[in-house]
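Form predicted alone, single chain, as structure tokens, below.
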Amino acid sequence: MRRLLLLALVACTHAEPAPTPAPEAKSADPIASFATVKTVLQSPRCVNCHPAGDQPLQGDDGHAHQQFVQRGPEGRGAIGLACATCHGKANPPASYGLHMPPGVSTEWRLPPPEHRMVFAGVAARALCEQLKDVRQNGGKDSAALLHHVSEDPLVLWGWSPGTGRKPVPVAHADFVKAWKSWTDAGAPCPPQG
């Protein structure tokens, strides 16, 4: 028995090392942490629903959404063409093929027109200031923003976007860790430039 325990201990000490998290995620530097946050928010999965205009984008290349889809008065699509017309409660099975409308367990939507939260092409400092401004972010304080990025099903969908779509390029756990590192330090914004 003692020999088996010794062998088990030796085997454990020679196990493969755990994967190393992204350098930004383990950094205590809040500005480096915000760089990770920015990388996520400016990925196609986020930018497509946080566009500069009133037409959502689609695809990994961010082209204008087909069927001339528009934001609409509440961010759920224009009257007569709501997002839920095509976007269901789950991603369709891979057997349906590419270019099928994705879905998620909550209502598919863009931010409402009064709180657009544009991520596309926004400089780091401006993005940081926008995130913290309750007049622009839908009245969300730090705790509500953390809940949104860590638990909202529509946000989580970005890491499981369905057949033919690239997920967000940073692991969700690393993103949340970077978000917390940034906000726990007072959410400082990077310098202009």
Partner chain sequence: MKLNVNGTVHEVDAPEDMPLLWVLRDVLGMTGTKFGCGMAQCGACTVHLDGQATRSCVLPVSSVGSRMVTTIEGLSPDGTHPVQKAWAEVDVVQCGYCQPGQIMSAAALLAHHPNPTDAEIDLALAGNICRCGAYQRIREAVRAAATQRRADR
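It should be emphasised that the depicted structure is a prediction, and the values quoted were computed from it without experimental measurement. Positions refer to the first chain, counted from 1.
Heads up, the form predicted in complex with the partner chain isn't pictured, but that's what we're talking about next.
Problem - Full three-residue contact with the partner chain in the predicted complex, heavy atom 4.5 Å, for 158, 160 and 176 - result: The answer is no: none of the three residues contacts the partner (heavy atom, 4.5 Å cut-off).
Practice task
Indicate whether residue 136 is a 4.5 Å heavy atom neighbour of the partner chain in the predicted complex.
Solution key: Outside the cut-off, so no.
Problem - in the predicted complex, residue 85 touching the partner chain (heavy atom, 4.5 Å) - result: Residue-level check for residue 85: yes, a contact with the partner chain.
Problem - residue 113, heavy atom within 4.5 angstroms of the partner chain in the predicted complex - result: Residue 113: no, not in contact with the partner chain in the predicted complex.
Practice task
May I ask you to state whether residue 100 is within 4.5 Å of the partner chain in the predicted complex, using heavy atom distances?
Solution key: Because a heavy atom of residue 100 falls inside 4.5 Å of the partner chain in the predicted complex, the answer is yes.
Exercise for the section: Pick the stretch from 127-135, 64-72, 37-45, 145-153 whose residues have a heavy atom within 4.5 Å of the partner chain in the predicted complex. Expected result: After filtering at 4.5 Å, what remains is 64-72.
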